[in-house]
Ligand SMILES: Nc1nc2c(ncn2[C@@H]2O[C@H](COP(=O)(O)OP(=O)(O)O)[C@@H](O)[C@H]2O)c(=O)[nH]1
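In the block that follows, a single chain appears as structure tokens, in the form predicted on its own.
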Amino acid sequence: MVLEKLGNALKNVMNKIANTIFLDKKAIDALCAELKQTLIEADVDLKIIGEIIEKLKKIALNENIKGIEKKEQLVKLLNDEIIIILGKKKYELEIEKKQSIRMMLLGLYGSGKTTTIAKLAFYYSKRGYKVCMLGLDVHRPAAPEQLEQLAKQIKVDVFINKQEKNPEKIWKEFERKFGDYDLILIDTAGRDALNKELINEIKRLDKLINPHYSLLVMPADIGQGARKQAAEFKNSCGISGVILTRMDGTAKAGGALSACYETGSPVLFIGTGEHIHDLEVFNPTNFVSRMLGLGDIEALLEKVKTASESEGKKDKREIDGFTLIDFYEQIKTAQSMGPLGKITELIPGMGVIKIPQNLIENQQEKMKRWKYAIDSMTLDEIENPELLEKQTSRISRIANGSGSSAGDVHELINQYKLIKGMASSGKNLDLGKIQSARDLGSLGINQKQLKKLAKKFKF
């Protein structure tokens, strides 16, 4: 989970506030000391920590605020202050179609610019934008090849010239073609440090390309070092915002987020893993909600939207026509959304449930076997799954042909019936049926069901 250690520590402090019988000076001092240590470990600036603790003590020691009301105010203050530390509000880029928006990515060596460009291309292409990528990193030998391979993977156009070593000439070579695209994502060279040579190159490209957005890509694990880097790039080259990579599991991400906010460089996206779909719009309020185990239904719905290439078509089908083909598509969609453990932390209420890692891994393997089983069925069996229950010899044949067990096939049929039953009932999802990660893997595959699931939770 992103910032799991910080989230658990903050939940612990909030629980202690709620459960403390007498909020006297001794109890407040102990809570503040624990909070201070938590934020220091998250690499938050000491000045900011001091301001938060001062605000907490002011409320805690106010004799005019009584009992439960005081506890509620303290918890709310802490929640609001963490949101402010991490960025205060959500910033969104205005990307209009048919406008040929030019987005240039900047950063030092090893920040993950090239991979991030591909993630952005995937993100926007799945939202109906016609996207292309342009490689202007002429210093790193493998950069054009890497961009080319990523473009094939996500099926978007890419423009590179492996022989040319002048990025300005490469831009001029392909410039006339960019009018056909909604969004042009431009990869630039990095350096070991922000030196004069890099600044001059970026300034020349900026003048030539005149990008609508210049985004700085930085790894979150540099912590408070993000402040200096963001400030230097902003003052030297001008940046519209920041994309933080390596957010998965890094302890210093809190410092990087707060440092960017302090420099006036809003974090627009965060990279939460190595896969091409591991990119999220950064929303501080939802991010804190997820850290505290309360889920992030907005991010979950975004993942579904990104993963489902045929979105909209499924919702228009009659439920009576829901076959194993549809269920097969749901399994593929679920797998393309990323590891099941990451998905469950986005579901409101599920973040506080510790699902064993071996159970999650077992479920992911089981979903693969379900796909193989469906591949081994005849068209008649796929369209009429009830045949499998009437003629059990079919199940043995499918199990043998797919390298799975008869139990796997039976479980596949049961899960299919569960999803079809919930979808056709028109009622809210029956959370009582969620007994394991197996059920979670089958839930939330289309947006309507996820929205119903979200309404079941109060947070």
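The first residue of the sequence shown is number 1, and the count goes up from there. Bear in mind the structure is a predicted one, so any value in this text is a computation, not a measurement.
The following text describes the form predicted together with this ligand, which does not appear among the structures shown.
Distance criterion of 4.5 Å from any heavy atom to this ligand in the predicted complex singles out Thr245 from the list Asn283, Thr245, Ser289, Ser265.
Between the options Gln146, Ser376, Ser125, Ser240, the residue in contact with this ligand in the predicted complex by a heavy atom within 4.5 angstroms is Gln146. Partner proximity in the predicted complex, defined as non-hydrogen atoms within 4.5 angstroms of this ligand, places exactly one of 74 to 82, 171 to 179, 92 to 100, 113 to 121 at the interface: 113 to 121. Put simply, Glu274 is close to this ligand in the predicted complex: some heavy atom of it is within 4.5 Å. Of the heavy atoms in Tyr109, some are within 4.5 Å of this ligand in the predicted complex. For the chain shown alone, Arg140 is a contact residue for this ligand in the predicted complex, at least one non-hydrogen atom being within 4.5 angstroms.
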